[in-house]
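Just one chain follows, in the form predicted on its own, and it is written as structure tokens.
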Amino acid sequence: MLIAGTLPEGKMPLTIGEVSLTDTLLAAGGRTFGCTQGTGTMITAALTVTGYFGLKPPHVIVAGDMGDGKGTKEIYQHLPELIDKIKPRVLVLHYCLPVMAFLKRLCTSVRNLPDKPFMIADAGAMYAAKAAGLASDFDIFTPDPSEMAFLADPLATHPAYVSKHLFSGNIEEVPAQIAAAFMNKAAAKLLLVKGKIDHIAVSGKVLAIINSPDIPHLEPIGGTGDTITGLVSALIYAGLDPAHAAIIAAKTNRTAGLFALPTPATTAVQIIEQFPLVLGQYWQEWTSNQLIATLTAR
């Protein structure tokens, strides 16, 4: 698995390598970086799950970017060569400036590979994919409700420009937005919409709704959407069917929130620390055909 994304650390140079976690820092390529924000949180979630299953840790390509685009440009310049070198089965694109030209070049190079990786996008990479008309190149998008409204709005090129008279961002509108986004070719084949209610949709149709356990204190904790992206990426890397991986990712994140007994001071990393306990207790039950059939029949 290869994870690419920028970090909110202005002096962080381009860093490439297999990732590990030491105390409160991630390490790769002889450098350390934070695990509590954005791409760092997503990497930590994926690393925790791959570690639980005894899988090879993810490779990462990260760089600091404070909005000037320097780190984003460096990542996209080196990504095609790195993909060709390590041949990842799963490629995850996360926080970056949504520069359409960079993503177009990357998708062109990936299409020419003999074995195309399974491609997942969140945040800036997802914005660029939609704006550039490249959503169909991706296998999974993981938007939150406001990002889902952006994907569904045919006139928007960035979430800041969503037509508010069309989309109010209500969770009740998500199924209609999913259908609209897919019809407009602005969505990946599978959508995992993260929020108070999680929606898993395939080809524009809602396959499953995950609303329990309901942990309201999870909503204001920064990074709990990034944790879901890390979860679903690692579960697919572990060999799970994408739709099943999305369902289990949503269930795991919610149950980890229950286990963590969150307060306003709880961090996303404290949620991630519960993942091995959750998977150890519920993996067999959640991978049963009965559970999947029940959820997808709703």
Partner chain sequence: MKFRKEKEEFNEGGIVLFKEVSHAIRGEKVVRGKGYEVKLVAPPPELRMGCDLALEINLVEQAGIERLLKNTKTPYVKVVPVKKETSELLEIVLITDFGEWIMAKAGNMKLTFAKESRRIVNISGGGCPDIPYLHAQLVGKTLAEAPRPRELGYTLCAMMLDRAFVRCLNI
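Numbering follows the first chain given and starts at 1. Remember, it's a predicted structure, so these values are computed and weren't measured experimentally. What we label the rigid core is the largest C-alpha set whose atoms superpose within 1.5 Å from one form to the other.
Omitted from view is the form predicted together with the partner chain, to which the following refers.
If you check the partner chain in the predicted complex, you find no heavy atom from any of Lys116, Asp139 and Phe275 within 4.5 Å. Only one of 247-255, 230-238, 59-67, 23-31 places residue heavy atoms within 4.5 angstroms of the partner chain in the predicted complex, namely 59-67.
The partner chain is not drawn, but in the predicted complex it has no heavy atom within 4.5 Å of Ser203. Using a 4.5 angstroms limit between non-hydrogen atoms, Ser146 touches the partner chain in the predicted complex. At the 4.5 Å threshold, heavy atoms of Ala186 stay clear of the partner chain in the predicted complex, well away from it. Among heavy atoms of His158, some come within 4.5 Å of the partner chain in the predicted complex. Residues of 61-89 lying near the partner chain in the predicted complex, listed in sequence order, are Asp65, Met66, Gly67, Asp68, Thr72, Tyr76, Gln77, Pro80, Glu81, Asp84, the criterion being any heavy atom within 4.5 Å. Once the cores line up, the CA of Gly54 ends up less than 2 angstroms apart between this form and the one not shown. Once the rigid core is overlaid between this form and the one not shown, Gly30 does not reach a Cα shift of 2 Å, moving by less than that.
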